[in-house]
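Next up is one chain by itself, shown in structure tokens, the form predicted on its own.
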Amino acid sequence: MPADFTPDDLKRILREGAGTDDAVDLDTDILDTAFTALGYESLAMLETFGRIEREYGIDLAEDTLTDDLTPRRLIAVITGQLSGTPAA
């Protein structure tokens, strides 16, 4: 199990699992943009959550998936679980 989770890890999982919208460039500064604005609706996010859970051996709470969830917030939640310090 990997010990950390980076923005590049998230981008890789998004591309592999849910793909990318042609109008969105994940290589720009997207950390504070809601996933819904990036074109990732709930089904795509559930696929992303499942991939993260399997690869990193963690459980992401259902209430983590909100309409205003951003990559920065999701990375903080994952990093908190990996380090044993849940994000506030």
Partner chain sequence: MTTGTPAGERTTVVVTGLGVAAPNGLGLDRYWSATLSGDSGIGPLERFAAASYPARLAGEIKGFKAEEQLPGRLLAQTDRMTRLALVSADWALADAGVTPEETADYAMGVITASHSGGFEFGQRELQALWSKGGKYVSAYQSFAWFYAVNSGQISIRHGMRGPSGVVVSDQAGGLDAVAQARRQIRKGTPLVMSGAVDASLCSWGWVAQLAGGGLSTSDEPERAYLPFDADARGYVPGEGGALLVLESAGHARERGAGQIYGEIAGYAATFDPAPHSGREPGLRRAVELALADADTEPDAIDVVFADAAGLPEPDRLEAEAISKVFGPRRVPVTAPKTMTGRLYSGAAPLDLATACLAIRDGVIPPTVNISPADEYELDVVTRARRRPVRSALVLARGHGGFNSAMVVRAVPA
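Note that the structure is predicted; figures quoted are calculated from it, not measured. Numbering follows the first chain given and starts at 1.
Although not depicted, the form predicted together with its partner chain is the subject of the following passage.
- In short, of 5-13, 21-29, 74-82, 61-69 it is 21-29 that has heavy atoms within 4.5 Å of its partner chain in the model of the complex.
- When its partner chain is considered in the model of the complex, residue 34 lies well away from it, no heavy atom lying within 4.5 Å.
- Residues of 23-47 that come within 4.5 Å of its partner chain in the model of the complex, judged by any heavy atom, are 39, 40, 41, 43, 44, 46, 47 in sequence order.
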